[in-house]
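Encoded as C-alpha cells, the following chain is the form predicted alone, with no partner shown.
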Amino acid sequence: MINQIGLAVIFLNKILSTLFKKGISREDFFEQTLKVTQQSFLTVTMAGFFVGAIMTIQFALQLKEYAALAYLGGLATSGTLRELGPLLIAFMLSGKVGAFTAAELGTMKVTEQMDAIRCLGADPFKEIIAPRFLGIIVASLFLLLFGIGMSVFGGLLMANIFAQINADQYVRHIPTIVKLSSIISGFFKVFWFSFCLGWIATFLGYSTTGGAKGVGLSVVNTAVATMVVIVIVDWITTTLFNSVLSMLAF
C-alpha cells in the first residue's frame, strides 16, 4: 500500500508538471470534459434529486413531532449541501466516471497504445493523461454542483407532496440556517472529491498490467479506492474546515 501511495504521488507530480510546464491542448481538454459530462449528467441528476427527496422526508418525520416543519427547508438544504449531497453524488461518479476512465486508459496501456505514442515522439501525459485528469476534475465539479442543486429541488418537491409545504415556506428559512460557511464547506469538499476522483482513476488506469484481466482489476480497484479515499477526504476536510471556522469564529 505504501508503495502504491508513493507511485501515485510521483504520478500526480508528473501530471502537474505537464499541466504547468508543457500545457495541454484546449481541444483535448474540452473534449474530455464534454465526454465526462455527457456520460454522467443523467445519473447525477437522478442521484441528486433523490438525495434531496430522502433528506426532506427524513427531516419531515422528525420535525413534524415538534411542530417545527417551518424549518424543514433550511435543515434539509444544510444537511444536503454540507455532507450527504457531495458525498453520495461523488460515490455515483466514482462508479461511473472513475471506472470508465480506468477501463479506457487500462485498455490503451495493455494494448501498447501508450508505447506507440512515445514511439511517435509524443508525451502520453500531455496527450492522454493530463487532459483526462483535468477534464474529470472540471466536469465532476460541475456535475457535483448541479447534483446538489437538483437535491434542493427534489427536497422542495417532496416537502410539497408529503408535508404540504409550499415553495415559499420551504425556502423561507434556508438563509437562516444555511450560512456562507455551509456553502463554502460544500464547495470545498466538491473540489477535493473531484480532484481525488481524477487522480485515482488516471493513476490506476495508467498502471494497468496483465491484459484483459488486469483491466478488470483496475476497474474494480478504481471503484473501491475512490469510494474509500472520498470518505477519508470527507473526514479530513470536515475536521480541518470546522477547526478553521472555530479559529476564525466564522
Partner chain sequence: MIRFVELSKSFGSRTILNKISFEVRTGEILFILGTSGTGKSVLLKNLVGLLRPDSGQIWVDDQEISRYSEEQYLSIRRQIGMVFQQPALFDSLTVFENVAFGLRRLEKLLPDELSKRVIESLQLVHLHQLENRYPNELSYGQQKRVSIARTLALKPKVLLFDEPTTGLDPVTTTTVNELIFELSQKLKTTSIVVSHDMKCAIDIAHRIIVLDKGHIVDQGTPDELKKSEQELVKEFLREVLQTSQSAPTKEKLP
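Positions refer to the first chain, counted from 1. Bear in mind that the values here come from a model prediction, so they are computed numbers and not experimental data.
The next section is about a form of this same protein that is not shown, the form predicted in complex with the partner chain.
- Residues R82, Q169 and H173 are none of them found to lie within 4.5 Å of the partner chain in the model of the complex, as judged by heavy atom distances.
- Checked against the partner chain in the model of the complex, the candidates I117, L87, I165, A99 yield a single residue with a heavy atom inside 4.5 Å, and that residue is I117.
- Figure note: of the listed segments 143-151, 157-165, 118-126, 89-97, the one touching the partner chain in the model of the complex, with heavy atoms no more than 4.5 Å away, is 118-126.
- Taking the partner from elsewhere, V178 is found to have every heavy atom lying beyond 4.5 Å of the partner chain in the model of the complex.
- Contact check for A103: no non-hydrogen atom falls within 4.5 Å of the partner chain in the model of the complex.
- In the model of the complex, the partner chain lies farther than 4.5 Å from every heavy atom of L134.
- For V110, a non-hydrogen atom is located within 4.5 Å of the partner chain in the model of the complex, even though that partner is not displayed.
- Contacts to the partner chain in the model of the complex (heavy atom within 4.5 Å) from stretch 17-41: K22 only.
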